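One chain follows as structure tokens, the form predicted on its own.
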Amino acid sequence: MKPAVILVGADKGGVGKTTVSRVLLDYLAASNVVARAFDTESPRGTLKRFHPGLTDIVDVTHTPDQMKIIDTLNSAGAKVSVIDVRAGQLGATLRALKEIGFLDAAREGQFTFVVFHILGPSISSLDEIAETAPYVSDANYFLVKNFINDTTFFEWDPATYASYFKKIKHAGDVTIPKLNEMAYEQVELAGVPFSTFVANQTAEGDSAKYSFVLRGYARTWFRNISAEFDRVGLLALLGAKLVKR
């Protein structure tokens, strides 16, 4: 299994990209894939609050932090690195990866590169696709519709949709379903990974007293998302085996 980088980002705020990063880390853990994470909400990250043991806060525009991520890809115990890109920095992060030669190295097969582009609920999201296209033509690129914030997405005109997708090879789509509001709120208050909440545990691993009903909503939601990641063959892209669920 060669080192892999999964970039999760958007050029719009409020689209739930950190939620996708959180559930992605849970999915990888449930699939026995050792991962680490980088939170670019510097200096105070949101992802680190839920996955403190896996996450470092970095500024991807700073050379020392770029070195912390890229120079350790081969030596780190975790072969998958999830980078949660702060709002508005997806384009800048991709440009930085191009400048340091990472995109060329991924194209040559030294690394696996996966991009989860979290879409907003407006036609401007298609413009974001056009802007990122030059940088992700050789990446495993997924457009993510995240319904966690009760978002209503526009219906793409088929011709317009096709014209944008033609610009990116291997483009796919992932849907993140909506989680019951009370369940999502309880996880936020608990400050734990979704999997820990479902297991009725605290951040310290002690037994918790979360609602059976809300844990049930979270469990079903996570299973549905796992099925989406299975459907697009994420583990196969990473060189990992699919775990029976």
Partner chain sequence: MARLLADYFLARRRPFFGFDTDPHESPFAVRFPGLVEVADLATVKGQIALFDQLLRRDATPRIVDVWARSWSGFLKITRETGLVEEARRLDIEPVFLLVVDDAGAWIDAANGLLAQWPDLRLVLARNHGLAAGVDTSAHFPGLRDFDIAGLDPIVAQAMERPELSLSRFLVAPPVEMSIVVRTALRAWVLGVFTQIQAYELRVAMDERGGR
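Numbering follows the first chain given and starts at 1. Please read all numbers here as calculations on a predicted model, not as lab measurements.
Below: the form predicted together with its partner chain, not depicted.
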Identify, from the list 68, 178, 219, 62, the residue with a heavy atom within 4.5 Å of its partner chain in the predicted bound form.
219
Taking 4.5 Å between heavy atoms as the contact cutoff, choose which of 213, 203, 208, 34 touches its partner chain in the predicted bound form.
213
Answer for residue 182 alone: is it within 4.5 Å of its partner chain in the predicted bound form, judged on heavy atom distances?
yes
